[in-house]
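Here you get one chain, nothing else, as structure tokens; it is the form predicted on its own.
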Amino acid sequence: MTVVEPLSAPIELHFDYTRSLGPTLSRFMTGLAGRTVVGGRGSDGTVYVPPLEYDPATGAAITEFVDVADRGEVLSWSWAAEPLPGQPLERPFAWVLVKLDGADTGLLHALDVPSPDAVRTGMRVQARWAAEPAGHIRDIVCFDPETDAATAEPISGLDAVSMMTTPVFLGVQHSASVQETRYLQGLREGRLLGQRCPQCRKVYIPPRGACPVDGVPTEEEVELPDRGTVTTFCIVNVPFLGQRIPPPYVAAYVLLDGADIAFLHLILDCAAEDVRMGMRVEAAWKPREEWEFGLQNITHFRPTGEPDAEYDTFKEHL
């Protein structure tokens, strides 16, 4: 195999995570929307903020809720010199655990101070409330060093908060293996490249550096055709955020001719109810000028019109 320089590229994953809160966290988030901090009292008198759903000592549901102050003292802290996107503040700040007056546990949040010299364990802090409540932990923008000034007035008459949406973001710099690099380079050339195990002779695509059956390196490169067989599939009927294809449509595992492992892709250009195990399919490629380093060069697979493959030819790959 030709020695290649491994590819490297940033990968970003982001989505909105929406969850139902349940009665306990609903009480807490509804309180925050009204500029009030709510804690839950355990069987031993400990006040937990945020409130726990179940008592750590007895396992019983916590049903007693108490309001605590929106100011307290710093239990511990860590300096964030280079804030990441989506964090509470865009300038350097301190992460702090704050034990609010009336609570017995620490609440994690941001403290807005100019330098690490301005924060210390035991210092008094107070909440800075958001101008527009949303029923989210970010209704507290951050904490500030305590002053004599009163914090914002509570808001009454709000509806209970039962759902919460939190944006999730993960960014990594992915460096591909030599085998993965060859695979990605092949896709950019319109080729499907796998690797063959020298011992069991199985062909893997995407390639693997070592055979999972024998544990030996896979060094022989194999070019595979862009047609194969549907082994298993799922008809997607439920719409979801960010969906690019209107349902119903089919996601299926396709076993390329000559391969010993199937990979997941879309089956289009036919009715969803016509897709079946054993259906023969071929790749639908983007125009050549749009090819990049990725499997997205194949937009989907489509029926070839050939007779279905016999079950015995793919039963070991389900």
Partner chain sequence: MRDVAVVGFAQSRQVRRTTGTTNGVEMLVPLITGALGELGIAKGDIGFWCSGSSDYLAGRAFSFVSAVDATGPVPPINESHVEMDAAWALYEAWIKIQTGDVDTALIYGFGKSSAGNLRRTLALQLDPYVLAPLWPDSIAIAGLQAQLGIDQGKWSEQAMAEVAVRSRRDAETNPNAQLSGSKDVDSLLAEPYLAQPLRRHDCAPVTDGAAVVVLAAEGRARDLAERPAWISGIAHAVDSAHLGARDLTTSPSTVIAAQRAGIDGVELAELYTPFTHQELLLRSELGLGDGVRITPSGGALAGNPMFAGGLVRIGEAARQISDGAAGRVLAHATSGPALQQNLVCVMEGR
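Residue numbers count along the first chain shown, from 1. As the structure is a prediction and not an experimental result, all values here were calculated from the model.
The form predicted together with the partner chain is left out here; the points below concern that form.
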Partner-facing stretch of 188-196, 221-229, 147-155, 82-90, counted where any non-hydrogen atom is within 4.5 angstroms of the partner chain in the predicted bound form: 82-90
4.5 Å heavy atom contact, residue 214 to the partner chain in the predicted bound form: yes
Contact flag, residue 105 vs the partner chain in the predicted bound form, heavy atom cut 4.5 Å: yes
Contact test in the predicted bound form: residue 124 vs the partner chain, heavy atoms, 4.5 Å: no
4.5 Å heavy atom contact, residue 136 and the partner chain in the predicted bound form: yes
Neighbours of the partner chain in the predicted bound form among 159-192 [non-hydrogen atom within 4.5 angstroms]: 164, 166, 167, 168, 169, 170, 171, 172, 173, 174, 175, 176, 177
